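The chain below stands alone, shown as structure tokens; this is the form predicted on its own.
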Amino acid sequence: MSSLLQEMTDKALALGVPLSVQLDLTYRCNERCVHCYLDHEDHGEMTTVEIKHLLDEMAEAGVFILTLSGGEIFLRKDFFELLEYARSLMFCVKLKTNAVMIREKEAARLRDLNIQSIQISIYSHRPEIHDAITLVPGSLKRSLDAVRFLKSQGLRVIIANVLMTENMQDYSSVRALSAELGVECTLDPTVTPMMDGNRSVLKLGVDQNALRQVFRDPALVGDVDEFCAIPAKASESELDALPCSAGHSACYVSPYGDVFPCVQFPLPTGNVRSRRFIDIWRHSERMNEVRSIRVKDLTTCTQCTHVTQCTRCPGLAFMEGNMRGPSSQDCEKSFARTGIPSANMLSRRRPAPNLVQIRALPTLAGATA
């Protein structure tokens, strides 16, 4: 994070301003990615007028960074009308798209509107792998064609790669491809449960061996010894810190107007069709409950070696049943990084059968999400 953005975030936290909002314009999509957590049917998306009204309210509330995502944002026929309106309100706009619908005309308009960045998911450099994940033949070629074209138009492109069992062996090649194309690349080893709580997609996530491989790749983590070092004991100030920015300086709005602390935190706090955005942000009981939590309030986690460095997501913890509890997926990441089981993993192990014959417990016993 740049020093300027950090300063803005600190001021937003102090003033209670929602600095950053992700707004999903639609859940409809022209791809059917096997790991996607969304219901792609249209259950009554906000209209053009409703979204423009919401953008007015968000601007008034102090939102600066606006991420437009989906589904596939270009499936909305009013996309450019909404985008132009957002830019007229001086939002710093980021886009997430598969880019298969972007041609010269669309790219020129994006360039003229001075979009901050365009994130495009590329799951593999191999068509047979990428297309098997999107379930759309030819999707890799179309997305890469768009990356090349957008880059040639002077736009900032970011390739995003979600790590799964199907594409585990390809992340280094995707990074090499990104370097060849002259664009940024991100890697995320987290597969998110469906927003309705269905956790079946988690079977697509990589195992401990794969995580260890990733966390010991200096091209990704830098100094491996430092990255995998045993965390220091948490200080009082660290225990009094915020667990996450969700609900503090950022939130998420669905295509139906529901406001959540984060796109990975499906706790509804209000709906902008019946209540002003700023009123939900400031006065929703659920939102205020989320922002009342400090690290020291987390059950189990406060006793954990990893508490100061864990990537614990409160939304993933919420989907496991307790927003103050641990996230098993993040516990596994911490274990893969350091080799030390988390407090959550230790608490879920079965006790030894007797006190006479005590054997070493299986490394990952009870640690599955």
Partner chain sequence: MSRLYVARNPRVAARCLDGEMMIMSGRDSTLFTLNKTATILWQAADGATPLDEIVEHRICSEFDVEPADALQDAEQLARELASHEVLQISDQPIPQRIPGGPTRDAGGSR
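Numbering follows the first chain given and starts at 1. Keep in mind it's a predicted model, so treat the numbers as computed, not measured.
This next part talks about the form predicted in complex with its partner chain, which is not shown.
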Per-stretch contact check against its partner chain in the predicted complex, the hit in 336-344, 299-307, 51-59, 38-46 (non-hydrogen atom, 4.5 angstroms)
51-59
Residues Gly16, Leu19 and Arg87 are flagged as a possible site; in the predicted complex, is every one of them within 4.5 Å of its partner chain by some non-hydrogen atom?
yes
Arg142: heavy atom within 4.5 Å of its partner chain in the predicted complex?
no
Answer for Arg348 alone: is it within 4.5 Å of its partner chain in the predicted complex, judged on heavy atom distances?
no
Applying a 4.5 Å heavy atom distance criterion, does Ser173 contact its partner chain in the predicted complex?
no
Given that its partner chain is not shown alongside this chain, does Phe91 nevertheless sit within 4.5 Å of it in the predicted complex, heavy atom to heavy atom?
yes
Listed residue that, although its partner chain is not shown, lies within 4.5 Å of it in the predicted complex (heavy atoms), from Asn209, Ser235, Asn114, Ser200:
Asn114
Ok, Arg148, Arg286, Arg216, Arg282: which has a heavy atom sitting within 4.5 Å of its partner chain in the predicted complex?
Arg282
